[in-house]
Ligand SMILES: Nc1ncnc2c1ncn2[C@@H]1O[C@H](COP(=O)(O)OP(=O)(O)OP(=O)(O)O)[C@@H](O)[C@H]1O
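So this first bit is one chain, no partners, the form predicted on its own, shown in structure tokens.
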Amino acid sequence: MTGEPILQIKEVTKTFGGIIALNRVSFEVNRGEILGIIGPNGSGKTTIVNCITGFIKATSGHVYFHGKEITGKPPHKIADLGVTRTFQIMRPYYSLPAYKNLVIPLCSPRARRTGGWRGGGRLGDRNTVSIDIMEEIGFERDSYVPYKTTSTLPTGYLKRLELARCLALKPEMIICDEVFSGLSMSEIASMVPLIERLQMDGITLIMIEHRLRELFQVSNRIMVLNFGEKLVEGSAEEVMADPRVKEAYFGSEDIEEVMSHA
């Protein structure tokens, strides 16, 4: 991890009619770090992800990636720069075999440009690379699972497939929206080292999470949103000790009780 910011969010505001979903939110993400973003439901977490990745356009403010403004660019242009994301409500191609979900991003201009697949363009080679990536992300290569119709996969595999599709684009940054959500404790336990390995491979991550214990385990820094505003940021210990966080995020509940069920 370096002190060099790879992503800069400056005074981003998003309104929906008379509702302010984000109010002048500013923060930076350093190259190679994992930034965790937490906050109660409706605090603006997914909205900031959508603004960064181009799925919605900020009402005002600016987003910079490697110092170049990407505000308002469409999602495919932002993905082509190396910023990818998973979705809280997963969006695979359910009717295709699981591995075919990766063949599609492997055909993208970025994958071709960065060497995301090899072999001169033959479809069979992309199929092989798809299976290679899926194996790295936790699919059993010699099982039938990668070849199953995606709609038949359980949540744990669908979450991994979301990450695999991101990796097929050779990203510099992955934004994970609730990647631990819906997983069993054993599935989460196997997902944590995977997240850590992505960071060791040089990928910068932003993680939106409600599973606080696991998030704090992998994150270098935490930012708290509340009612569309940045409340505080710092280490997990600093954030959890802040009385504003205890009041806004946890209300009157005891912090240890909340953490024990996180």
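What you see is a predicted model; the values in this text were computed from it and never measured. Each residue number is its position in the shown sequence, starting from 1.
Below: the form predicted together with the named molecule, not depicted.
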Item to complete: Please determine, with the chain shown alone, which of 45-53, 25-33, 199-207, 212-220 has non-hydrogen atoms within 4.5 Å of the named molecule in the predicted bound form.
Response: 45-53
Worksheet item: Are any of the heavy atoms in residue 21 no more than 4.5 Å from a heavy atom of the named molecule in the predicted bound form?
Response: yes
Discussion item. Quick check on residue 61: any heavy atom within 4.5 Å of the named molecule in the predicted bound form?
Written reply: no
Worksheet item: Might residue 88 be said to contact the named molecule in the predicted bound form, defining contact as any heavy atom within 4.5 Å?
Response: yes
Discussion item. Is residue 234 near the named molecule? Define near as a heavy atom within 4.5 Å, in the predicted bound form.
Written reply: no
Practice prompt. Identify whether the named molecule in the predicted bound form is within 4.5 Å of every residue in the set 16, 41 and 178, based on non-hydrogen atoms.
Written response: yes
